[in-house]
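To begin, one chain is listed below as structure tokens, in the form predicted alone.
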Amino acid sequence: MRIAELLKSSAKPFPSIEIVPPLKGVTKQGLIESVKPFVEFNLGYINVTCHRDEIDFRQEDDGSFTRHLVRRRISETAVCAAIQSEFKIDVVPHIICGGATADNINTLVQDFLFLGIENVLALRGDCVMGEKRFTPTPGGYRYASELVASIRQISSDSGKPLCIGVGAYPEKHFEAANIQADILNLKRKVDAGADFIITQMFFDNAVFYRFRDMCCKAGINVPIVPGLKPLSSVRQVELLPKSFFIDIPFGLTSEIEAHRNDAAACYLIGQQWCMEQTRDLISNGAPAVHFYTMGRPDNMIEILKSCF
């Protein structure tokens, strides 16, 4: 089902999750077993991430170094096909600008249409390690809005227009000068053909509500799905702000700091905080809640049991 239609028509809010394709060597059955615990909670859909191929430099016999692309994970296309063959649930593969030409994206869209996939998430993608600013692949796209427009055109020309989701940043994208400019960029993606929005993780619901109001005032009228992740360790308090350019409320960090030497307590604190966020979002009109599992299913299962 098209996600935008599901979000508008569902009688009650529902959960969705994001998974990362497994490393090579994991079997199809191993993938299925990792997803199975979530399926009983009537997920609206499963997002499947896409990451750029990594670069490896190898020294040759003459002492020179050659550059090689390395793919360490199973392709998202294979993961989507495996999930669809086992479960009656929609998959939403990511399509990114980084590392892909327009022809690459055309081929990928055609593969997804062949598999009967109806939804995708269009993202610019991250910079290559060591880059200070995003550099588009020659023959590719610089902005997610260009990618959205391309996917809309390709899939429409095929007679099967895809439902396209895009990402958003309640605290603003780190490259944007201010939140107002970032929302204008988001509006460009919607105007290019995006049908729904999923946000980056956040830990303060007031930030999301302010962002949602600003989107409405900017004329963004597609469904906005809040994205959450439960903290599970002291180390995540240190790493997540650096990696995702987000703030973590003092009330949460201080409580985790007070239990720094008790890993189990920190785990439960993060889980409870996410439960409270989820309940509050649902009571304040969120049509669904999207969860970033990060390969840690246990706390997510407890959150889904408690809130859905």
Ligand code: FAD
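When you see a residue number, it is the position in the sequence shown, counting from 1. Computed from a predicted structure; not experimentally measured.
Same protein, other form: the form predicted in complex with the ligand, not shown, and the subject of what follows.
Using a 4.5 Å cutoff between non-hydrogen atoms, residue 121 counts as a contact of the ligand in the model of the complex. Of the heavy atoms in residue 99, none are within 4.5 Å of the ligand in the model of the complex. For the chain shown alone, residue 200 is a contact residue for the ligand in the model of the complex, at least one non-hydrogen atom being within 4.5 angstroms. The ligand is not shown here, and in the model of the complex it never comes within 4.5 Å of any heavy atom of residue 223. Annotation: in the model of the complex, residues 228, 279 and 302 none come within 4.5 Å of the ligand through any heavy atom. Between the ligand and the residues 73, 94, 212, 152, the one pair within 4.5 Å by heavy atoms in the model of the complex involves 94.
Between the options 193, 161, 125, 140, the residue in contact with the ligand in the model of the complex by a heavy atom within 4.5 angstroms is 125. Contact annotation: the ligand lies within 4.5 Å of heavy atoms from the stretch 183-191 in the model of the complex, the single such stretch among 104-112, 183-191, 83-91, 231-239. Although the ligand is not shown here, in the model of the complex the stretch 203-237 places no heavy atom of any residue within 4.5 Å of it.
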